[in-house]
Ligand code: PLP
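As a starting point, one isolated chain is supplied in structure tokens, in the form predicted on its own.
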Amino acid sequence: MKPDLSTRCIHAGEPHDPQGSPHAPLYTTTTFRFPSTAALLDVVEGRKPGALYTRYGLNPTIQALEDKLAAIEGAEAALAFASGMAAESALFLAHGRKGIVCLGDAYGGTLELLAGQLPELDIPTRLLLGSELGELEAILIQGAGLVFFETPTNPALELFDIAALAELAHAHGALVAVDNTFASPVNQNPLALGADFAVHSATKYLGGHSDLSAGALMGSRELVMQVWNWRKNLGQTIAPEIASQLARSLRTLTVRVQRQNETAMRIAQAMQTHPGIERVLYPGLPDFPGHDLACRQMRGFGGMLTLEIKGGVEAATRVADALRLFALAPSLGGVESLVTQPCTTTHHGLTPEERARRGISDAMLRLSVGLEDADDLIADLNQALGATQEQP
């Protein structure tokens, strides 16, 4: 019987250590010696697994982490990267050269890479809004080879049907990659729903403590290993010290995310009736546009929610500035709660017109719910909203 996710988070990828450590040791060395040329060639030519050179990822600490990452996402193989953007860029270069279609909204850096930089390398890219999904099949017929999307998206938490999109893409010979950062493997497993790749900014929920930068790519061994040379030669491999730190964080992934799920739901429910809130975007709310889909393909609704503040961007700024427990900072997924205005951080690089076209209001506040007490966080939001309403 396959162990539960919480068990895999702790025990997967932990090799037997002759000294008795329950965790994979940290190897900070850059190179590893061999007893003979024949033994070296066995590793270099792939006949036997082993350590060789850290930039290649052939370091026992990194390899142990990748075994854990693969087990957590239910994949045959995983690669660990220095950042989520490193994982995405290597994926796009390895599997997107025939053309990439990005569905819906995405992290601003991803949109910049797709819209601005990859076309400079003659890699065709198309960005479709969720309302434009009807155009996808025609683009696939023309030969696009990779469909990429976040679900839930950043910052409006729009959902996409992974199974349906995978079926459509595969019918036309295309691969599907899902950015699973917002959901995390605790709440959603894209590979089990038919996707070919799951990609993560491991800086977020997988790391969980706002103290490391990393990325991860999971999928079949055949497809993932086609990305390996890109990672190696672009110098994108995670450092062993960070790999060890990330493996530590993964051991508490389930308890952290489950608590964040519960608290985010309570906050979303509390904010629904607040007079200072225009709308609450959270997949767990019955009136959320994608709620039924969330119930089908997710086990939990996540620790991210977005509030649209009445009064526009100025009111949203005043609320953000008045919060005391929610730290005003980009990023997400840590043990501390964070607030950010997408128009000033994640999507600041988009023009106001493009943000509006994507439904990203400048009055939005994106909340990353941490591990603080739910009542304390709700009280913090109430006092900040109250302080805003008191101003003329």
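Residues carry their position along the shown sequence, with the first being 1. From a predicted model like this one, the values you see are computed outputs, not experimental measurements.
Only in words, not in the display: the form predicted together with the named molecule, which the text now covers.
Relative to the named molecule in the predicted complex, residues 85, 107 and 204 are all within 4.5 Å by at least one heavy atom. Residue 214 is the only one of 214, 72, 147, 319 with a heavy atom lying within 4.5 Å of the named molecule in the predicted complex. This chain lacks the partner; the member of 189, 306, 181, 249 within 4.5 angstroms of the named molecule in the predicted complex by a non-hydrogen atom is 181. In the predicted complex, none of the heavy atoms of residue 65 sits within 4.5 Å of a heavy atom of the named molecule. Looking at residue 365, you'd find every heavy atom of it more than 4.5 angstroms from the named molecule in the predicted complex.
The stretch among 219 to 227, 181 to 189, 265 to 273, 95 to 103 whose residues place heavy atoms within 4.5 Å of the named molecule in the predicted complex is 181 to 189.
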